[in-house]
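Shown here is one chain on its own, the form predicted alone, set out as structure tokens.
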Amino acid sequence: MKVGVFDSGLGGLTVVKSTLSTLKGAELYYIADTKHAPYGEKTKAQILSYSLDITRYFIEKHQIDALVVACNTATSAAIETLRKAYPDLIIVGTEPGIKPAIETTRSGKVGVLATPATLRGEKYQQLVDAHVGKREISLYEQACPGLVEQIEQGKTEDPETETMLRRWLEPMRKEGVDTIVLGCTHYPLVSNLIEKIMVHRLNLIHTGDAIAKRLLALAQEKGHQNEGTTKLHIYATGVIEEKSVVNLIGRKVPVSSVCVGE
């Protein structure tokens, strides 16, 4: 079982970590498209182009059986096009956990932290329309420009990062938000800061485990036995913070440079 996974940078490794503990007997190929990061501040056309280029690379170079779009922004911009272009490929996307957040909240007050592009996207609005009306829910949406860059630079405990988060989260804390959707795969990397700022008991919703379970289910439908060891290969299209890779995966994994779409 060969699986391609991509994101604009380190964030998708939160999904890879879940996948490594769930999917056995596979080879994972991860591309951090740091040359074009962050996706959340790019146009839909740009994100679609990057996503198609990376998918073609995975198919041509590694003959993948499955693709994981480990990025909320790229899922919103590209998932439908990718599924039409590659109908025989298992394709799993990433979307903000609006439904589990609504099922989890006790106060009925749910915060959403996401990139500007995710909040603008049709996919996000469809999720809100589908689930928010089922309960009396107050939704507090916050775009987080610049947060991905801080995380990519390894500044997850930096005072500047805390200042950014505090500005966005203080209104949610005052309103009694008890559940926050981490609408970007990078954001679990600042979970400690979010919990520190919010002070009270908090539910943080991120989707790495759910993605890994979905991938396994679809793989088993196609005959995957889920036995043996899983190998991981990491590539980057630009600069990457290798210390953060070790912190995320829990061990040193070599990172190779790669050119995609050129």
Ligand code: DGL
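If you're wondering where the values come from, they're calculated on a predicted model, not measured in any experiment. Start at 1 with the first residue shown and count on from there.
FYI, the form predicted together with the named molecule isn't displayed, but the following is about it.
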item	value
Contact flag, residue 180 vs the named molecule in the predicted complex, heavy atom cut 4.5 Å	no
Residue 208 within 4.5 Å of the named molecule in the predicted complex, heavy atoms	no
Heavy atom of residue 77 within 4.5 Å of the named molecule in the predicted complex	no
Residue 112 within 4.5 Å of the named molecule in the predicted complex, heavy atoms	no
Which of 211-219, 56-64, 230-238, 34-42 lines the interface with the named molecule in the predicted complex (heavy atom within 4.5 Å)	34-42
Residues within 4.5 Å of the named molecule in the predicted complex, restricted to 135-155 and counted by heavy atom	148
